[in-house]
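Consider the single chain below, provided in structure tokens and representing the form predicted alone.
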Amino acid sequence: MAELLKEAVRSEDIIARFGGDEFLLIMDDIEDIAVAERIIEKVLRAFNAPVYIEEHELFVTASLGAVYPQDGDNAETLLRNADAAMYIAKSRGRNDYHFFTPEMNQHAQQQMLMETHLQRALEFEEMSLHFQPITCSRRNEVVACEVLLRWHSPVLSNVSPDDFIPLAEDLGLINELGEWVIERALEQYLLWRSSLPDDFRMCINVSPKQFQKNGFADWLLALLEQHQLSPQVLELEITEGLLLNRWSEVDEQIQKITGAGIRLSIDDFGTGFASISYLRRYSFNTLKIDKSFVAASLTDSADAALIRSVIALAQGMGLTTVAEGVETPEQAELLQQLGCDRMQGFLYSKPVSQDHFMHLVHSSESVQPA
């Protein structure tokens, strides 16, 4: 990598290996941004060629963050800001570059603040569970719920799961959070059990990193046995990303879980790397239609056709279909006509606290627009 970089820059430029897989490039006497961009693009192009190590042909990409002298008045600040810009380039797909902006500093400070408070959120009892009902299309009854984690921080207020879940995965906290969610959800089910329909299920999202942890399946089955609960009360929702790498340990965990009777759902089907081979290879029970398709189903014939195809595919494979993000009676009517089995969305209810959920199950609120 050092040799590639040396060939790509000017003789007067300084290159240093900064640590690990990070290099530092210092360019002096740059008259305008266009010159810097030309050098940066030449550096990135240098990585297009394969690298040969013995008999192996390797392809490597680079992500590059750039700063101006005015982006900091000392070396430490300039390095920190270049690092922030580099991570923006990485988050946008890698093999790219990005210049620093003051907004990145604000974002980095917000991330650091969130990281600090997330480390103690469980200890300080800032996490809670909310429950969104899933309604049977034919009977108009609540037959399941999706369990959703919520974080209310006294400092940060309500933090979106879209922000703190990826951060928890990066920090290695997702297993602790995931186990906490499952434990509290089962405890809540025990409190509700006498008032719930016999076939009611708790649907819980599980991170790929939980499946990669040795012993996850054994821990889960032991927890169900401890509470004297049937595995059929649980449905685990996973995303297609978990299945891409085909880790043997993940396959083993899935086989243990489904073999014991826990149901398995594939979430956001069609938005990522959907493959029918996944549905054939694993013992899925439920296929969830992403809300983005539902939102456009009335105005985009292609999305309506896609939903129709997904439902036909699921029916042919004996899978239950759940449509997410149902917000209008017109959407619900179309989905019923297409043969969708279950509905979930604001038309029926937003996610609610444990105190309000049983009211939804037993009242007309469970079948009326929220």
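It should be emphasised that the depicted structure is a prediction, and the values quoted were computed from it without experimental measurement. Counting begins at 1, following the sequence as shown.
What comes next is about the form predicted together with guanosine-5'-monophosphate, which does not appear here.
Remark: D199 does not count among the residues lining guanosine-5'-monophosphate in the predicted complex, judged by a heavy atom distance of 4.5 Å or less.
Proximity of L287 to guanosine-5'-monophosphate in the predicted complex falls outside the 4.5 Å heavy atom cutoff. Contact check for G65: no non-hydrogen atom falls within 4.5 Å of guanosine-5'-monophosphate in the predicted complex.
Residue contact with guanosine-5'-monophosphate in the predicted complex: F346 places a heavy atom within 4.5 Å of it. Picking from 117 to 125, 253 to 261, 223 to 231, 145 to 153 the stretch near guanosine-5'-monophosphate in the predicted complex, with a 4.5 Å limit on heavy atoms, gives 145 to 153. In the predicted complex, no residue of the candidate spot (L236, D303 and D341) has a heavy atom lying within 4.5 Å of guanosine-5'-monophosphate. Just one of H98, R80, K90, K291 comes within 4.5 Å of guanosine-5'-monophosphate in the predicted complex, counting any heavy atom, and that one is K291. For the options A217, L173, C136, V181, the one in contact with guanosine-5'-monophosphate in the predicted complex, meaning a heavy atom within 4.5 Å, is V181. Interface residues of 307 to 333, taken as those with a heavy atom within 4.5 Å of guanosine-5'-monophosphate in the predicted complex (partner not displayed): E324, G325, V326, E327, in sequence order.
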